[in-house]
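In structure tokens, one chain follows: the form predicted on its own.
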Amino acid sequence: MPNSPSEKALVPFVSVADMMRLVHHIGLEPLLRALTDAIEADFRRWQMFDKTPRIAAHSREGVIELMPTSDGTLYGFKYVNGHPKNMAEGLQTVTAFGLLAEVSTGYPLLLTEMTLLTALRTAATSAMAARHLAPKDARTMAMIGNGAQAEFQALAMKAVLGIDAVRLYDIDPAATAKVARNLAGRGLRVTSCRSAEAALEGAEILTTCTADKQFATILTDNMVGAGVHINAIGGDCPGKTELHRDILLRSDIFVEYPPQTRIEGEIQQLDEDHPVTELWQVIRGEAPGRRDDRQITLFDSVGFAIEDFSALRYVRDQVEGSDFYQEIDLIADPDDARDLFGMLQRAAL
């Protein structure tokens, strides 16, 4: 057929259905371990990447963001939103898609859903940080905020660190019941708690992941004892926090990319020159992580484009030569590269 797309015009596309099939094919916990390792491998070559704070369009309802980066060979970006009000309307709070391209030609190599993939990469990033910062042999985590991310966080900590118990709390008991139901039979002792204080009892890893776009105090200073690792992943835009400022002042703080985290993370509550450590430096052995049993470590995670790049690259490698994608006609490919108009005209014949 004269108007059929050529091979150059076709780009692999991983739909939500394809992504779900891929996850079940690999296995959720093996995939989380592999994705954790893929992200850590890119953190070890952190200095090779272009880095910029994400480009955000804020509104009263939420935020829409673009998250780009490149290692000089590949370019990747993610489109993602954050709209807390969506949940009340039966919509996802976060939706996303992403693209991986070849730097030398600018041609796309992969287009994929990233709503599921963002949940997976966020959980994998948390587990990667905890692998370097959490108390040795930690076995219990508290999960404060039991929304769409909670199960992924718990299972990543199990798969990567060997966590065997999770204590849940959410202001909505139905959310906690949902997580407890979804984690049943997955090798975790699940305890549903009636308060955040109760959820923290005996936990070495404290994860906060709430959705409200406001300065909130999910954890107060008196709730946090010595020796724990705090995984703060809910604060991800200006004006949105989860931890009392005094907790930050007692903690050694680790971040992804300071220019972004100082705007969006928990440390927006602190002076601009408050010391923080970039996580890639710990992973490369250039800065200390956990030093002693009484130290409070805080991963002030807002999500960074390199993590999405790692996830995109991982998916591209997994779907190559498989049936976990479709080909879509995305790129114009005229017979003569200068004759785009001629290609359009011939389509009418």
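Numbering starts at 1 and follows the sequence shown. Here the structure is a predicted model, which means the values were calculated and not measured.
The form predicted in complex with a further copy of the same chain exists for this protein as well; it is not shown, and the discussion that follows is about that form.
Partner proximity in the model of the complex, defined as non-hydrogen atoms within 4.5 angstroms of a further copy of the same chain, places exactly one of 174-182, 129-137, 220-228, 260-268 at the interface: 174-182.
Site residues Thr122, Ser192 and Cys209 are none of them in contact with a further copy of the same chain in the model of the complex, judged by any heavy atom within 4.5 Å.
In the model of the complex, no heavy atom of Ala165 sits within 4.5 Å of a further copy of the same chain. Met87 belongs to the set of residues with a heavy atom inside 4.5 Å of a further copy of the same chain in the model of the complex.
Of the heavy atoms in Leu28, some are within 4.5 Å of a further copy of the same chain in the model of the complex.
Within 4.5 Å of any heavy atom of a further copy of the same chain in the model of the complex lies no heavy atom of Gly234. Interface residues of 54-91, taken as those with a heavy atom within 4.5 Å of a further copy of the same chain in the model of the complex (partner not displayed): Ile55, Ala57, Ser59, Glu61, Ile64, Leu66, Pro68, Tyr75, Phe77, Tyr79, Asn81, His83, Lys85, Asn86, Met87, Glu89, Gly90, Leu91, in sequence order.
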